[in-house]
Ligand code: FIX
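Below sits a lone chain in structure tokens, taken as the form predicted alone.
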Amino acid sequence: MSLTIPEAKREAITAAVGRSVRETGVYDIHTHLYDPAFGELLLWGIDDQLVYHYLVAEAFRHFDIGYVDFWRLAKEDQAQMIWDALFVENSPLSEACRGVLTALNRLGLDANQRALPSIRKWFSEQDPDEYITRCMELAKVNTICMTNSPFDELETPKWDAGFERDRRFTSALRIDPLLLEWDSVVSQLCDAGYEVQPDFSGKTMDEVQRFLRDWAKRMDALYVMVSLPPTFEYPADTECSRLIDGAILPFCRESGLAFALMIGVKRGVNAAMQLAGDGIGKPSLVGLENLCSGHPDNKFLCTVLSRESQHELCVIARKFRNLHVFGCWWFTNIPNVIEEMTRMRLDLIGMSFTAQHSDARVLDQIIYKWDHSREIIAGVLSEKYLNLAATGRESSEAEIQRDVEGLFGGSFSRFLGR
């Protein structure tokens, strides 16, 4: 029989959950941000916020300009066009637009102003190092995990040269080209001194493992990751599947690193929009299930892009303890879907997941993405602790704090064994 919870007790539980969710620092376990040593690769400021692919895709629905002509414009002109279309000529009601305004407001700017040049001037006056610290403090983000690719021509020279790491930034080793573009990667690996063959003969699999070992050590990577299309299958008679069996899984077992799969992106649905032109598809998660069941000594991280796949993912996670579910990725990073996913995960797998990651490409975005997510997570958790109280079980503030810390990175670190 459910108990009636006195109003004062309801308010106390809700307040305790709200405090914990608002104040707990997070481990942002998947972003596209960079250690400040990478210089201009770390994006920040109003122009980078506006020329972000979420906003570009939205703005093109209002533009008459052709895609090619738009990309020929200077970034400042692109940003102005997007600002005018989405923030002046229309009310900025979308989540991506609201995010820009949340960041401006939290940074102390007037989110009601319509003049972009004055906002741009404020950003131009900021010291980059101090600004990084300010954004992280406002977002209450303790640690940012980068996405680092050894195939990125802009990024690899920095790793080759070496640099002093900022301890707030950790690394994930991204291997999309290796698994999805093998024919084009073979020559790059050969040029780098790895004895690989297009048909996987000879030392190929051992050499791919050596490549992964070298780069994981260089980056001090936390995990190995790949973004996969909705057509992903495993096992299968594909280069991707053969490389997973012959190189990725053996390396991850040997190193103890988890293999992260982000499943469901359809690249280049409208290629003329560049990054803004990627789409979504509903995948089969049988391949993930086969990985988890067939390789119990490997650890897997997973997030999926389609809303329709979230229930299946949770059920798979219930069956395999070597799978850790994380975050609300890309098209699912909108309030109503975050709420639905968080509630579903709590219902099906309890506290053994990571509630959110920012997926930020622009530093300032961590402010709004975590502010908005915290609000939703606090509401869902409050409801859950009230449900507990209705059974006669009361959670202490220390227990609530423990749980929130787990959802905000503690569970992830324990899963990795760090």
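Keep in mind it's a predicted model, so treat the numbers as computed, not measured. Quick note: we count residues from 1 along the sequence shown, nothing fancier.
One more form of this protein should be noted, the form predicted together with D-fructuronic acid (FIX), which is absent from this view; the next part is about it.
- At a distance threshold of 4.5 angstroms between non-hydrogen atoms, residue 38 is out of contact with D-fructuronic acid (FIX) in the predicted complex.
- D-fructuronic acid (FIX) in the predicted complex is not approached by residue 148, whose heavy atoms all lie more than 4.5 angstroms from it.
- Although the partner is absent here, residue 168 lies well away from D-fructuronic acid (FIX) in the predicted complex, with no heavy atom inside 4.5 Å.
- Shown alone here, residue 326 lies farther than 4.5 Å from D-fructuronic acid (FIX) in the predicted complex, counting heavy atoms only.
- Contact with D-fructuronic acid (FIX) in the predicted complex, judged by any heavy atom within 4.5 Å, is made by just one of 54, 44, 70, 370: 54.
- Shown without its partner, this chain lists 131, 234, 330, 251 as candidates; in the predicted complex, only 330 has a non-hydrogen atom within 4.5 angstroms of D-fructuronic acid (FIX).
- Residues with any non-hydrogen atom within 4.5 angstroms of D-fructuronic acid (FIX) in the predicted complex fall in just one of 346-354, 378-386, 45-53, 61-69: 45-53.
- Residues are counted as partner-facing when one of their heavy atoms sits within 4.5 Å of D-fructuronic acid (FIX) in the predicted complex; in 153-185 only 174 qualifies.
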